[in-house]
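The chain below stands alone, shown as structure tokens; this is the form predicted alone.
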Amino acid sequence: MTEKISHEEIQKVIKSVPLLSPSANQLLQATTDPDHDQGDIVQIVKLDATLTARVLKIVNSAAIGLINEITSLERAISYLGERLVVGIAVGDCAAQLFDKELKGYEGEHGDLWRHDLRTAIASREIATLSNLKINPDLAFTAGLLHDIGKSLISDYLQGTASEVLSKIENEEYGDYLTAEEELIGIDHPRAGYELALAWKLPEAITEAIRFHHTPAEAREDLRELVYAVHLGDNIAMLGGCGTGADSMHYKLDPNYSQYIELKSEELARVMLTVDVEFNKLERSFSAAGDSNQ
């Protein structure tokens, strides 16, 4: 029998989660600034010896397959791209959240990281192909963090998956969000939003976390970004990479086409790119001994 989570209890859970490092937070802030450049990213990473070592280790990993070793941070970041550097920084700080076994969703260790990484890649490709007025790297970052709330509430949902799926099938629950709210009094977007506030994340990313399943409710000036993450999330699940029992049990907003124009061949291209880039990134992280894999 599940019990409702009070606001005080969710805040207590959030306080038990490590804060993002100053470097990770600065990188997230930088991605929301349309005027930032690679030099800004280099300066942030340079001041963090641990992050610098991680970036150099990954760029020189066997999976990347460079002929000559890269020892320059500028060259490493230029080669990897800022989105991967942000992923390294965030992944290292929040490893215990991304790697957590999602028992409430019957998800395994690493499922959340793999799903979020695929969503991030898809969100970025959507932003690029749709000619949206948003930075594709911002879409990547928002996609990477969109489901972080699942780690906070998963334990409270333990043992409920089969009941939830049965009730969704019988139309007693409209989707998995309804079930979360009904069972424990909070859904994963709201839990993630509360964590985003505690982490002092940029407003654009916070909005994408809060409304990634209900993008029409997002602020008008940030709606393109949220729809990109919404569609990226669904593409990740369609590709067979979800977070457990809840996969494909959320509603796709039919109005996404008002914000994102994707032809069927472009959608197929996004799915192919997600597979190719995900496999490359996963090998890179694994070769460098990443704790999230």
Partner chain sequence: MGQIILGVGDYGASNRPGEEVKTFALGSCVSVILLDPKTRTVGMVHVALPESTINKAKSLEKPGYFVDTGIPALLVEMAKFGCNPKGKGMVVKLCGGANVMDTNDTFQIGKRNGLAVKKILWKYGMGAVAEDLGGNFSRTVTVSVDTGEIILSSPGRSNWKL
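Numbering follows the first chain given and starts at 1. Note that this is a predicted model, so its numbers are computed, not measured.
There is another form of this protein, the form predicted in complex with the partner chain, and it is not shown here; the text below is about that form.
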| query | finding |
| --- | --- |
| Listed range touching the partner chain, judged in the predicted complex by heavy atoms within 4.5 Å, from 202-210, 74-82, 169-177, 128-136 | 169-177 |
| The single option of Val42, Ile70, Ala30, Ile235 touching the partner chain in the predicted complex, heavy atom within 4.5 Å | Ile235 |
| Heavy atom within 4.5 Å of the partner chain in the predicted complex - the one residue of Ile10, Met271, Val17, Leu20 that qualifies | Met271 |
| Output flag, Leu183, Leu197 and Ala218 jointly within 4.5 Å of the partner chain in the predicted complex, heavy atom basis | no |
| Residue contact check: Lys251 to the partner chain in the predicted complex, 4.5 Å heavy atom | yes |
| Contact flag, Cys93 vs the partner chain in the predicted complex, heavy atom cut 4.5 Å | no |
| Non-hydrogen atom contact Leu51 with the partner chain in the predicted complex at 4.5 angstroms | no |
| The partner chain contact at Leu231 in the predicted complex, heavy atom, 4.5 Å | yes |
